[in-house]
Ligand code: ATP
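Taking the form predicted on its own, here's one chain by itself in structure tokens.
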Amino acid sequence: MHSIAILGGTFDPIHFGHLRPALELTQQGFDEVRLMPCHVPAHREAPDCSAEQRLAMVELAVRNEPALTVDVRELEREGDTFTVDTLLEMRQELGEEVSLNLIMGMDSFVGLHRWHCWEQLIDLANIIVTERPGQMLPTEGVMARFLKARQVSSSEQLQQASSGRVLVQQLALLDISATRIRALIKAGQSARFLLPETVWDYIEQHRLYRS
């Protein structure tokens, strides 16, 4: 079964904390890992940079890594971005014989029940929950029950299913955040070595994130 992992986000800007976990998934046998910049995120403040600028940075970041691709569908959608709409669209395109795998952090997973049409997500895709050392899985409540009913223990089990399964996995989650990068730049400091050199050059050239 062909397997696709999806990493969405504002990527404002994209950095090594996004890229390294995505690359590790390709090394676990996923056929594709797609980076999917969102247009207007429904659950957070609007990005600092335009959609065009964020897309340009993502494309620069993966230009020399064929294992990672960019999916622009959410940038082309008008209005708020809802993950369920994206997965529905992808299912209609790809059919049921493809393993779709949505990547999210532990903090997002714990609050998943507050997402728009959240219960439909697991009918459309598997979920990969990226776990940081010290983070705790929910032990009670709706998300604990959700996890208990669907959790598997390996990437192979995800890749064998088109949807319906959850894998909690520790990837190389680097202690880098876009918030920190923007703060450094606004303070007149360098963010070099936190993100690809091509992305840093683009930020410098276009004077992004400055006060």
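These numbers come from a predicted model, not from an experiment. Sequential numbering from 1, following the sequence displayed.
What comes next is about the form predicted in complex with this ligand, which is not displayed.
| said: So if I measure heavy atom distances to this ligand in the predicted bound form, which of the stretches 169-177, 60-68, 26-34, 154-162 falls within 4.5 Å? | reply: Stretch 169-177 is the one.
| P196 near this ligand in the predicted bound form, any heavy atom under 4.5 Å? | No, P196 sits far enough from this ligand in the predicted bound form that none of its heavy atoms falls within 4.5 Å.
| message | Since only the chain is shown here, I'm wondering whether A5 would be in contact with this ligand in the predicted bound form (any heavy atom pair within 4.5 Å). | response | Contact check for A5: no, nothing within 4.5 Å of this ligand in the predicted bound form.
| task | Give a yes or no for R150: in the predicted bound form, does one of its heavy atoms lie within 4.5 Å of a heavy atom belonging to this ligand? | result | Answer no; every heavy atom of R150 is more than 4.5 Å from this ligand in the predicted bound form.
| message | Considering non-hydrogen atoms and a 4.5 Å limit, does this ligand approach R132 in the predicted bound form? | response | It does: once this ligand is placed as it appears in the predicted bound form, R132 has a heavy atom within 4.5 Å of it.
| field | Partner contacts for 187-207, taking this ligand in the predicted bound form and a 4.5 Å heavy atom cut-off | value | Heavy-atom contacts within 4.5 Å come from no residue here.
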